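Only one chain is shown below, in structure tokens, and it's the form predicted alone.
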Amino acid sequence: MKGLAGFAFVIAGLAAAGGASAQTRTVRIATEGAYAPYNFTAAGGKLDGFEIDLANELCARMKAKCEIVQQDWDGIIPALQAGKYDAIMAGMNITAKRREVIEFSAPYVRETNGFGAAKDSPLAKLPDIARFDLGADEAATKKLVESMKPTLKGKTVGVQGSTIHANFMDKYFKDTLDIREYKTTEQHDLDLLAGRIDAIFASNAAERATFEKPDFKDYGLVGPKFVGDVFGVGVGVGMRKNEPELKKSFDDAIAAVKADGTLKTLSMKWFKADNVPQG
């Protein structure tokens, strides 16, 4: 499909005079529904979270009707390619590898990623660096990674499968620790609480949302907070390739919510931090 062929169109009705027809386009957007605070399934099965609010804002700027559907993470790109929906908003980072397969909008979030563990865990002794760019200095990255390996050696760390977090662990610590992959972040959170794994590795926003729950009061973020390299340039809307009008619609809408402060307001609401990409 090319141009706006991926949109579903709903006939809104005929004008009272002149017989002109009006059309409202419906944009189907997939989200995982299991990655708080980006997206999650609230009581009663309703989808909620930062990306749900943002999707509705973007659709309003695009003068489109938003239809948000739930899709498991491991099938989210194949189902997009199969035409089951028009776009993905599911905490998906924009990376070179993913760009080989799908198109992305401009980023709407850029945040850090790192380990979460018990506050009294040996991993709490990892160097606390607020923001470390893996792509800025290769020698510095190698030095930091090597300094972390003695503390991480032999530990079991949970990650969601088929994610940049799994890619990070595989690239930097595959020979140091036991990497355990899960279908959802919710599953590795529960195993962390049960003591079946020593730590998790995910976006810091997702970890903070977990550790705010009463059961996780003894857990927190530990070690460096990473950006760059495998983490790409931020989180964006995923789309099929060769749909330039759809991409432009999303890019223009993201620029609009960024310019008027709406994006920052949503970021502060859901992340308790300003994660709006700069530049």
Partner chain sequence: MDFAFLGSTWLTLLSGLPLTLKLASGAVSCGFVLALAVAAMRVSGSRLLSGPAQAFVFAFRGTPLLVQVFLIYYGLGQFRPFLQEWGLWPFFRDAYWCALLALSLNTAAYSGEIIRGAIGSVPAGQIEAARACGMGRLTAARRIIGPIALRQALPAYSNEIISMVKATSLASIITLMEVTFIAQKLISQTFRAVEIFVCAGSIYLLVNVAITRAVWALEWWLSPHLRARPREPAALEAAHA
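What you are looking at is a predicted structure, and each value in this text was computed from that prediction instead of being measured. Residue numbers count along the first chain shown, from 1.
This next part talks about the form predicted together with its partner chain, which is not shown.
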| item | value |
| --- | --- |
| Contact of Ile77 with its partner chain in the predicted complex (heavy atom, 4.5 Å) | yes |
| 4.5 Å heavy atom contact, Asp137 and its partner chain in the predicted complex | no |
| Ser162: touches its partner chain in the predicted complex, heavy atom cutoff 4.5 angstroms | yes |
| Exercise: Arg180 in contact with its partner chain in the predicted complex, heavy atom 4.5 Å | yes |
| Its partner chain in the predicted complex: contacted by all of Ser147, Thr265 and Pro277, heavy atom 4.5 Å | no |
| Proximity to its partner chain in the predicted complex (heavy atom, within 4.5 Å), stretch among 125-133, 108-116, 180-188, 138-146 | 180-188 |
